[in-house]
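First comes one chain, alone, set out as structure tokens in the form predicted on its own.
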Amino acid sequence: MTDELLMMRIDDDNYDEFRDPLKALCAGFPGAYWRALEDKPADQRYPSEFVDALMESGFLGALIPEEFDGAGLSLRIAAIILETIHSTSCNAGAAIGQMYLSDILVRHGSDAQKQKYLGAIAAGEVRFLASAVTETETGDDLAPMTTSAAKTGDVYVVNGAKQWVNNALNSDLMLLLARTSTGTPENPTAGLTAFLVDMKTALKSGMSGQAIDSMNNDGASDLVLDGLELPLDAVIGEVGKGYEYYRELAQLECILYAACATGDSAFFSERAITYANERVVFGRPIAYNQGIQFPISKAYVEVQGAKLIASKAAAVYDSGKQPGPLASMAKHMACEAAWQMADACFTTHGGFAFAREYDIERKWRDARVMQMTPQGRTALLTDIAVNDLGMPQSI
């Protein structure tokens, strides 16, 4: 389908007007900053200073339309922003939600929600960083979701639990998916509704959160919702349409995370090539050795292919169409390529890759995480199999 929508063109713009100031910003948060965070307790590892700087820069409002005081830039430019951040020692995981979660409000929010929140999100005054979707027992399978939202008078009462909610305890707003009615055999995800949660109010009554001691800095938490009351105007769009809205958002999410992975690949390749040219063993740099050259070259080929698919997916989105499985391909290819480049970089550095001061092992872990979430490998391949190849749904 997407091949009929547009023709590819060669994009020879390096977008230095975006890359240069971002690189300067990220230079203020070198590896030592991130390593120091990892030495702290789980509930103190959130990179607040880095996120503050990104909020103040205005870059995270790239996708919000100008009519709501955003930059109104293309998805291609938003991808460049994230790619540049990840090409440095930095990681955008703690702030990426600010860039794309508001899209659900742009597309489906009420006029009151748009007027109240979009301008403030674009300015970085209100933080929309978290989405509570997955649960302990179900993971990516949303059909058996047990978190419920029952309409009682002039409120919805929410009960349930969500797991691995990134940035929940550091966000002003959270996107919540909860079941307002049962699904059907033909459509098991029917009856899921999207809610906009005011986190400052929720955490005082009806919601509790526990930071997870994990190996990344996105402030992941487990949330328990026990009698959480949400006003009727917290519903985003139509009641029962939450799954459809989330699937739209997931396509945007995939393309942006593909950009993050591409940036990580750039970080690893630069470090690997520099070290290979400087490291002398048996009288010459190890860059002469094919055992070093070939893994880096192979990963580089995979990175270039992933960039083309990601650029095409972004172009489809920017043309006003939904990229569908093309977005899944972009994330899958980019994350697999980043992992290959990370492994090649690790091998090039040998034992030094384990030394924290090189930042290889930290970024290596980050690259592995992105293969799993959001939209893990199996979910991406299932989307491609069912919606692009016409194979039967396995669940």
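Numbers for residues come from their place in the sequence shown, where the first is 1. Keep in mind the model is a prediction, meaning the values are calculated, not measured.
Not on display, but discussed next: the form predicted together with a small molecule.
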Given a 4.5 Å cut-off on heavy atoms, tell me which of 317 to 325, 196 to 204, 156 to 164, 289 to 297 is the interface stretch with the small molecule in the predicted bound form. 156 to 164
Answer key, the small molecule contact in the predicted bound form at 4.5 Å (heavy atoms) among Asn170, Thr134, Thr180, Ser74: the residue is Thr134
Heavy atom within 4.5 Å of the small molecule in the predicted bound form, from candidates Leu37, Ala53, Val369, Ala353, belongs to Val369
In the predicted bound form, do Gly139, Asp218 and Thr373 all reach within 4.5 Å of the small molecule through at least one heavy atom apiece? yes
Non-hydrogen atom contact Thr378 with the small molecule in the predicted bound form at 4.5 angstroms: yes
